[in-house]
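Shown next as structure tokens: one chain only, the form predicted on its own.
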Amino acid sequence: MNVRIVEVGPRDGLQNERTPIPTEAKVAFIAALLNAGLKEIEATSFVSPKWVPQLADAAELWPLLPPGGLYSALVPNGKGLDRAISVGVSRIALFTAASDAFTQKNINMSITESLGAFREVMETFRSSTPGGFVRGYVSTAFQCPYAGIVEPSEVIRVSSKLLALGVDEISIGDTIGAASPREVRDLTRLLLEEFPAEKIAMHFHDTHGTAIANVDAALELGITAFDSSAAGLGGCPYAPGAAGNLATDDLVYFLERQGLKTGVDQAKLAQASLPILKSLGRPVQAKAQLAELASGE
């Protein structure tokens, strides 16, 4: 079995960081991830520079991306889409949640309003970019930092709406890293009753150290696409206390030891994020990355 990894470090991993990362450093980071064997890379977001200064260089970054990758960008609205289309983006991601409280804090819209806005974005994107790829993020699929436990029926409802709009894939997010393997199994079973497995990806955070166990739970039920971030970079500015994303290093180690093919060179991956971590003044914390670096000394 082959497993798809969607590397979100360059976007989700960096979006909250206050230390400015130069465009050329981001390009080098992405090139290193590509060289390590990661093909699907979420490179940036065409969000307003006012809200996410770290990604203000999206239009400058895009033409510099090295050849060979399947690059995507988060597009929050029509203005962002126009900017993305102008530089040739052909794979986009849209963002909503299963909690109204979260979407209000995040994008100042209700879930219903966000889906209405996405309809226009989808129509424009499909007409201008034949063969383009769209994924829809469903954040706070298990628990919201503002509203508490999220009902699985709401996740199903929002996912259905996104797929009805024509997205190619939904990414189910444990945004604050609160889910347990049991909860992942329960929600995944319900999702699979409604949608084919190839339409579903999982996006776990590791706040409580359960991300890999949650990956295993989803794998057991046939999910084979997972989002992760090199070195575990990133969190969520609208989810207080949320730890970083599941580290790609830990995910690759786990999958390969389970006999699943990722196509990723673990030694190259361990090195790929070091310049970014140095720029941010962050220590290496991903366990598999620490072990890999130690073994190479």
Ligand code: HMG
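Owing to the predicted nature of the structure, the values given are computational and were not obtained by experimental measurement. A residue's number is simply how far along the shown sequence it sits, counting from 1.
Heads up, the form predicted together with the ligand isn't pictured, but that's what we're talking about next.
Taken together, the three residues 185, 189 and 199 lack any non-hydrogen atom within 4.5 angstroms of the ligand in the model of the complex.
Contact annotation: residue 210 falls outside 4.5 Å of the ligand in the model of the complex, judged by heavy atom distances.
The ligand is not drawn, but in the model of the complex it has a heavy atom within 4.5 Å of residue 79. Taking the partner from the other structure, the ligand in the model of the complex has no heavy atom within 4.5 Å of any heavy atom of residue 125. Proximity of residue 112 to the ligand in the model of the complex falls outside the 4.5 Å heavy atom cutoff.
A single residue from the set 108, 86, 160, 153 has any heavy atom within 4.5 angstroms of the ligand in the model of the complex; that residue is 108.
The listed set 47, 270, 61, 255 contains one residue whose heavy atoms approach the ligand in the model of the complex to within 4.5 Å, identified as 47. Partner contact region in the model of the complex: 136-144, out of 160-168, 210-218, 136-144, 190-198, criterion any non-hydrogen atom within 4.5 Å of the ligand. Taking a 4.5 Å heavy atom cutoff to the ligand in the model of the complex, the contacting residues in 192-212 are 203, 205.
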